[in-house]
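Shown below, as structure tokens, is a lone chain in the form predicted on its own; questions about how it binds or moves come after it.
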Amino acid sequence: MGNRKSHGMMQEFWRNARALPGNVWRSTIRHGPLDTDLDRAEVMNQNFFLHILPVSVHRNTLRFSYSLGLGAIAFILFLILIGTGIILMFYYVPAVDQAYPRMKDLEFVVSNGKLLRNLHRWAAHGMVAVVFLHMCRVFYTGSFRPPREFNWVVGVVLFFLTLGLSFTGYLLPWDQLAFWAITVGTNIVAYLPGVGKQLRFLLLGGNEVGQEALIRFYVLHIAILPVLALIVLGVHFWRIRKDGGLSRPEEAESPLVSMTATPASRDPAGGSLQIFPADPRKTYGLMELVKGRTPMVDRGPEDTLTAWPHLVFRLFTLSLLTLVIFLIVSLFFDAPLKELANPNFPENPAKAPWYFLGLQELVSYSAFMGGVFIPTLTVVALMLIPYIDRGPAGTGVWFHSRRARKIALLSAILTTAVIWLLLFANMRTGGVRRFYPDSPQWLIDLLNPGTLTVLYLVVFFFIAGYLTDSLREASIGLFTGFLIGFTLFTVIGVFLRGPNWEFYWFWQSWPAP
């Protein structure tokens, strides 16, 4: 009896041992060959990483000319930043006497340290630019409209988190460029009414940039802001799924006629209308009853493709291309690293990070308007866009209509002309104070290129709305003007401002210090 039990146990042992490779494979890869749509759906549902994507996507989502892949590129850059940032943490010490030497070690001692730092730096700048362009794409395609209003607001929050991540990382090299850029940037923060000075003190841990500021920026950069960004990113992705994926034009939808209708019998033109074509491989079932309606109510489930392989392979290719491009940039262009930070020798000109130089240019005209009013107005306007412009017409279409394209072009030309005219007038006359030395501050705040540009944009918005009787087209004109203005003031701040914030053309050299 005992021998028979032992013999049975050994048989089971050897049987399981022989089947071990197959059982390990099936316990890890829980699907067979991907021959049918059901198999492709299973691979999306059962994979931890792919589960964030839908099982199927609309054809319009796969059009690169529509999305430009900007949202995906921004997320890929975020992953690159996390990966390179974790490796850099092994070498970096957030102390004023060690931060800069560690940067030098990365250049000359650590294997591939310079490449790693370059990749981290350029990916950070790239993410700021790509997130901004992604927001522009969402606006110009009307993708913020119902039911996606909340996700637009989440996207705006993500944009400011991206700025915060880049800004807090700016100080860590502890060189002259970082020190004075953060000094200027936190001075702009101090202009916020009521809480500005307190917020600056909280950021710096004192009244000056020093050890306390370095450790606070470090903790914000590696822990607090990345965790917040991950949480908000999760909400952003979740809302994309719940809102029915990327937006698309109405004509891209298949209207729901009948699950059993004969297509030709429902076509008023008598032609062939492919609605819910019969597919024996497709099954339908009732999974759950919930309150409310889904984004697919009144929409047909057709014109979709399985996410595997159509979407997954596109994302994989885009990831590789993004990584290769930023690796090439990192190989040929070094991240800037100037001399060790010296609080006694300020940079001239001392400039904020490039994405804040538009604000610094506005602050040079009026501290209140450039540091408080215009930034606050911009944030409020961005948040309110989806609650003001709510019409369905033009959603999912670049620039809404041909007339809207002309309005955008006109707005770009006029805004460029107005800004250069105001800038030259300000430089020629020297501003209001030159004519009226005792002029009140409110007059200075009102009559300067920044404030007058905002007034011009408001007037343009109402005139365009009156002439076109279209809120959408007027909004496109206003947003384009804002975009051009922001870009022009940034370009002026980056390239055309020299020592003492004097104006120099591209071909003019700055005087020697």
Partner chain sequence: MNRRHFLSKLGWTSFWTAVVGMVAGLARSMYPNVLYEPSRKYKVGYPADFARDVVTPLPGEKLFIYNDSKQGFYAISGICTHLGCVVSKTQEGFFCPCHGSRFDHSGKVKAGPAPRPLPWYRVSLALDGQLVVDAGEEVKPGTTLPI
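Residue numbers count along the first chain shown, from 1. Being a predicted model, the structure only gives us computed values, none of them experimental.
Although it is not shown, the form predicted together with its partner chain is what the next lines describe.
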Legend entry - Heavy atom distance at most 4.5 Å to its partner chain in the predicted complex, all of N45, V55 and P146: no
Inset, instruction - Select, from the options 126-134, 165-173, 345-353, 380-388, the stretch whose residues sit within 4.5 angstroms of its partner chain in the predicted complex by heavy atom distance. - result: 345-353
Legend entry - Contact test in the predicted complex: R433 vs its partner chain, heavy atoms, 4.5 Å: yes
Legend entry - S330, heavy atom within 4.5 angstroms of its partner chain in the predicted complex: no
Inset, instruction - May I ask you to check whether N23 falls inside a 4.5 Å heavy atom distance of its partner chain in the predicted complex? - result: no
Inset, instruction - Could you confirm whether N187 comes within 4.5 Å of its partner chain in the predicted complex, counting heavy atoms only? - result: yes
Legend entry - Option touching its partner chain, based on a heavy atom within 4.5 Å in the predicted complex, out of T429, N207, T317, Q98: N207
Legend entry - Proximity to its partner chain in the predicted complex, single hit among Y191, Y218, F399, W152 (heavy atom within 4.5 Å): Y191
Inset, instruction - Could you list which residues of 347-384 come within 4.5 Å of its partner chain in the predicted complex, counting heavy atoms only? - result: N348, A350, Q360, V363, S364, Y365, S366, A367
